[in-house]
Every structure is written in structure tokens, then in C-alpha cells.
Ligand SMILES: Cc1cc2nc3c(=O)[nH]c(=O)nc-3n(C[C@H](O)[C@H](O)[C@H](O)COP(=O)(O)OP(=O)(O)OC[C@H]3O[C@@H](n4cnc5c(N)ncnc54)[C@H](O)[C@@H]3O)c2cc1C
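Next comes just one chain, in C-alpha cells: the form predicted alone.
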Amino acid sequence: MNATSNSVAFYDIAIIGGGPVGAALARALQGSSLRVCVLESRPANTASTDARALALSYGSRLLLERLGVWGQLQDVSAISTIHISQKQSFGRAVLRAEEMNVPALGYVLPYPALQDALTASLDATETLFGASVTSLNSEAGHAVVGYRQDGAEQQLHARLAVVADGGKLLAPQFPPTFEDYGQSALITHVTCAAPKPGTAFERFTTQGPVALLPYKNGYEIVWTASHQRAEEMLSWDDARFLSELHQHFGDRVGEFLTAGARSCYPLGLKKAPALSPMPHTLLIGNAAQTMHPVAGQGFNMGLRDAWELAQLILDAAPEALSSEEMIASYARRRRIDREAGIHFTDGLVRLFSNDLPVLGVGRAASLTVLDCLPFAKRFVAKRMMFGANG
């Protein structure tokens, strides 16, 4: 690490947010001659409290293998089959890994498991734990990051500041477009009488999709409902919750037997107005876009953001790290994948989360057609595994 004449720390890259996307970017840059710093608000040696399970695509596995992290992950369950259906409809489609000549379509693991593995891999990267970023500005030739750590206000400079913390920092200055889907997602782990190992279910209903992701001896549930309904679901005792889930989902995995702790979070579509809202700054992951969890695209896209940006950074001369040319190149490389992912998830929500009879028939027919056309199934499966650029 070098210092400027006034003793303010100076880096080539400052990554704001040490979550999985920010940590993946830092990991990809290790071994280079670049001076990289990660600012993470969590204190050191503090485990993540995020209760969500992550659905990683096969493409994300390949990226994590390149980062040397995949082999360190524990308690990973593979998805070999995805069963897509619509409640009270004849339509359904089944995607299988063997049809795509891959070992799995995706994988399920706890968020903290991936977070911990990526954090542990950053042994050669300076990480400022307990650093809460309070300001981000640009000056001639660099970004200025203000942060609070151990009760003291501090500052650092960087050729390029990468925001990977969800985007709240810049939202007041550069408000993202946001659409509330009127839904919340309830998440928990359940066991059932007749689990189908390796099979994930995506079931569309008029109140929103419900996903069952195979994990260990049961399933991670992502059950979407209106905000009010989701809050009611949190208050149910286990017996009622399991009964209502069985009635809502059906008999494909038998009776639901047990449920773990439940939590929920609101769903919406958020899109930053620009990937570089100010000079010497880039947004990736949830800071750039936050999508509905249907089809499990959000984190996988964020990981692709980090990988693509790392390749551009490694190919650039240090003095060109935040040049207009490099910023424009990153925006071009991510445009198709980003826009396609947003439209794909948004379209699924709008098409399947309503009770219009005419659309119901069309939805059923579209699932049936998808199931009967191998090239269409390959297209959808490839999009889910690798994004639009895959």
C-alpha cells in the first residue's frame, strides 16, 4: 500500500462491500500487482446472519472453480432436474442436466457457507473490517471513499471504487428505478415424506411463484405472497404452515413434516440508472440491479459482473483503470446479460403471477410447448446456467 503526501491511503481498487460479489472480485484480482482494498461493515471474525440459501448455477460453479473457492465449499446439494409447473393447470416442463451434458444444472448451499469461503480466500487482500462507508466522491484522477471505523472517521483514495454493497450509499444522489412487485418472499427449510433428491420445483401460482430447492434431507423454500399474506404466514404455528404449504404446492413431495425458522423480505425490481454514476466509480451485483428471485438469477448475475470486471481490470494499465474507455467497455460487455436477465425475471413474474383466464391457458400451452421442444429447453437451461452471454 502506498500513501499520498497527506498520508491518506491510496489504492488502485477499493471494493465497497465484502459480500460474496465483492469478495469474488477481490479474489479474482489476487496475485496481480494491483493494490486492492475491501471495505466491509461486518466486524472481523463475525459470521454472516443471512438466512437465505443460494441457488448457484452451473456457470457460477465454473467461475468459483477458477477462483479456487469451489473445492472449499461444504454442504452443497446438486440440482439435476428442474420441474416447472403452474398450479391448477395441465402445463409443465422438466429440465434435466443430462440433456445439457453437464453434471448439474445448479447447486444449493447456505449463503454463509459461500461468504465464509470467499472471505477466507482473501489472505493476500487488505480487508478493512468494521468499516462503514459514509461517503463516496470523485476528484481529479481518483475516487475518495470516506468511512467510519472504530469510532473514527477516515478516508482513502482509489483509482477505481467498485460499489458491491447493494447501492444504498449512492441511492440519495443517483436514485435507481424501482418497482414494488407487491410481494414478499418467505424462506425456510422443510422436510417432507417423499423428497426427490436433486429435483428443484418452480411452481407458479396466482399469488406468485413458490420454489423448492433440494438441500440435504429436505428443501429450502422460497414462497412468494403479498406483503400482508407473507406477514400472516410468519405468525402461523408449524402445523398450520405445513398444512397450508401442502395445500398450496400439492403432493409432488408428499406431506410436509417439519419447518425451520422463517423469515421474509420484500421483492422488487431495482435498476441503477448507470453502471458508472460518477467518474472513477462502478456498480456491480445488487448495487447495479436487484431482481425477483424467480429462476435464481440475481447472485449468479452479480458473480458474472465481478468476473467480467476483474478481466477488464487485469488487462488494463493502472493509469487507465477508470478511464472512459474502460468504463464504456464494461458497460458494453454487461449490457446484454444484464438487460436479458432483468427482462427474463420480470417477464416471468408478470406472465405467471395473475389469475387472468386467457393468460392461464396461454401459460399452460407455453410450458407444454417448452417441454416438447428440445432446442427450446436447451435455450432456457443455458440462459439459466450461463446468462445471455453464455
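Not measured: the values here are computed from a predicted model. The first residue of the shown sequence is 1; numbering continues from there.
The same protein also exists as the form predicted in complex with the named molecule; that form is not shown, yet it is the one meant from here on.
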(request) With the named molecule left out here, work out from 47 to 55, 25 to 33, 338 to 346, 321 to 329 which stretch has heavy atoms within 4.5 Å of it in the predicted bound form. (result) 47 to 55
(message) Please determine whether residue 241 contacts the named molecule in the predicted bound form, using a 4.5 Å cut-off between heavy atoms.
(response) no
(message) in the predicted bound form, does residue 311 come within 4.5 Å of the named molecule, counting heavy atoms only?
(response) no
(request) Give a yes or no for residue 61: in the predicted bound form, does one of its heavy atoms lie within 4.5 Å of a heavy atom belonging to the named molecule? (result) no
(request) May I ask you to state whether residue 214 is within 4.5 Å of the named molecule in the predicted bound form, using heavy atom distances? (result) no
(request) Just give me the single entry in 283, 95, 131, 190 that has a non-hydrogen atom within 4.5 angstroms of the named molecule in the predicted bound form. (result) 131
(message) Exactly one residue in 218, 110, 277, 166 has a non-hydrogen atom within 4.5 Å of the named molecule in the predicted bound form; which is it?
(response) 166
(request) Scan 14 to 50 and note down the residues that get a heavy atom within 4.5 Å of the named molecule in the predicted bound form; none is a fine answer too. (result) 16, 17, 18, 19, 20, 21, 22, 39, 40, 41, 42
